[in-house]
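In C-alpha cells, one chain follows: the form predicted alone.
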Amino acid sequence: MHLMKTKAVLAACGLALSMAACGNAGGGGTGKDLAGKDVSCGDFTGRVAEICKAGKITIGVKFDQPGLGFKSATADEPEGFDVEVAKILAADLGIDSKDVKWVETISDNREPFLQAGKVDLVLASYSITPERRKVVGQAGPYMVTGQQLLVPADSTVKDIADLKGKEVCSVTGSTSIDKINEKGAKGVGFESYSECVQKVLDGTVEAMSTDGTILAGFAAQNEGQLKVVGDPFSEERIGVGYSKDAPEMCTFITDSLKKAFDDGTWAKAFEDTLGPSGVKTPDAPMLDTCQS
C-alpha cells in the first residue's frame, strides 16, 4: 500500500484569484498551489491508482477563457474555475498542484487527447452530451450554465431572436454552434474563443455565443466594449472528461466532487474565480450516477 506523505489539506487562500483573474485576465496572475491530501493509493484501482502512485497527473484545460481556464503569455500556469476544480481532483489523489502538467486543449481536440492518452482528465468547459459519452467518459457535472450572447456594448441586440440569418461565432467542435443554428442564426466556428471575441470587437460578426460564464469573463476583460445579453437558451452541464479505458475514474471524480460540494471548497473556487465577474454562486449541481 502506497501512502502519500503528509501535506496540508488546503493551502490558505489556495483558490484565491483576484478580480484580475477575470476582469483583467491578461495580467498574468496565477492561482496558489493546492497541496495533495494524505491518501492511500491502495484504496484506488486501475488508472486512478497508477496516477496516485506516480504522484503526477496530466490535465487538459482551456488557455483562453478568462475566469474558467486562462493562461497569459507571461504566466507559468493557467488559472480559473476549471483549473481550480482540477486542482481539487489532483489533491484527492495526493498530488500537489505543482505536480500537475497542464496541457492546452481546444474544443476540437478534447476527445482525441483523451483517446490518445495525451491527458488523464479534461476540464475545459466540457459539456456533457450523449454523443461525447459514446467516445469518452464524462463525470459530473460540476457546473451548470446556459448559452447566452456577447455583443458590442452599443449593440441593440437583446436576444438570439434578433440575430436570425446573421452570423454568430463560437468555437469549432463545441455544442454552441449547433444551438446557434437551431435558433435561426448562422453559426461560424473559430479555433479559439479569443479569435471569436476579436471578430465581435472588430464588427466581423454580430455576436459570440457560448456558456454565460465564459462570456462574463470576456465581458469583464473588455469592460466598456462588450456586454452579455439575453436569457440562457440552453442548459450546459459542464463535466470532467476521462478515457473510456479507465471507467474507474468516474467513481473517483464523483466522490471527489461530492466532497468539494459538501466542504465548501467548490463554492470557494467558484467565488474566487467567476464571482468577481458578477456571476452569483449557484447551488451545487446534482451529480450523474456512474454507469458500470
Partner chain sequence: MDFLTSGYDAYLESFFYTLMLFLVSGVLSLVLGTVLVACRVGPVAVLRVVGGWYVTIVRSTPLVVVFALFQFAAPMLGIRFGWVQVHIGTFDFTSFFAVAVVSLTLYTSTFVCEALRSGINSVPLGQAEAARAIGLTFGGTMSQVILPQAFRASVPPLASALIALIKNTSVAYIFGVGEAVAQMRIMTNNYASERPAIFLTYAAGYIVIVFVFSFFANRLEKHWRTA
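Residue numbers count along the first chain shown, from 1. Bear in mind that the values here come from a model prediction, so they are computed numbers and not experimental data.
Unshown form predicted in complex with the partner chain; subsequent notes refer to it.
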Inset, instruction - May I ask you to state whether residue 186 is within 4.5 Å of the partner chain in the predicted bound form, using heavy atom distances? - result: yes
Inset, instruction - Consider residue 135 of the chain shown here, and say whether it contacts the partner chain in the predicted bound form, taking contact as heavy atoms within 4.5 Å. - result: yes
Legend entry - Contact label in the predicted bound form: residue 111 to the partner chain, heavy atom within 4.5 Å: yes
Inset, instruction - Could you confirm whether residue 157 comes within 4.5 Å of the partner chain in the predicted bound form, counting heavy atoms only? - result: no
Inset, instruction - Answer yes or no: in the predicted bound form, does the partner chain come within 4.5 Å of a heavy atom in every one of 255, 263 and 289? - result: no
Inset, instruction - Please determine, with the chain shown alone, which of 146-154, 68-76, 170-178, 116-124 has non-hydrogen atoms within 4.5 Å of the partner chain in the predicted bound form. - result: 170-178
Inset, instruction - Go through 88, 205, 219, 95 and name the one with a heavy atom inside 4.5 Å of the partner chain in the predicted bound form. - result: 205
Legend entry - Residues within stretch 93-107 having a non-hydrogen atom within 4.5 Å of the partner chain in the predicted bound form: 107
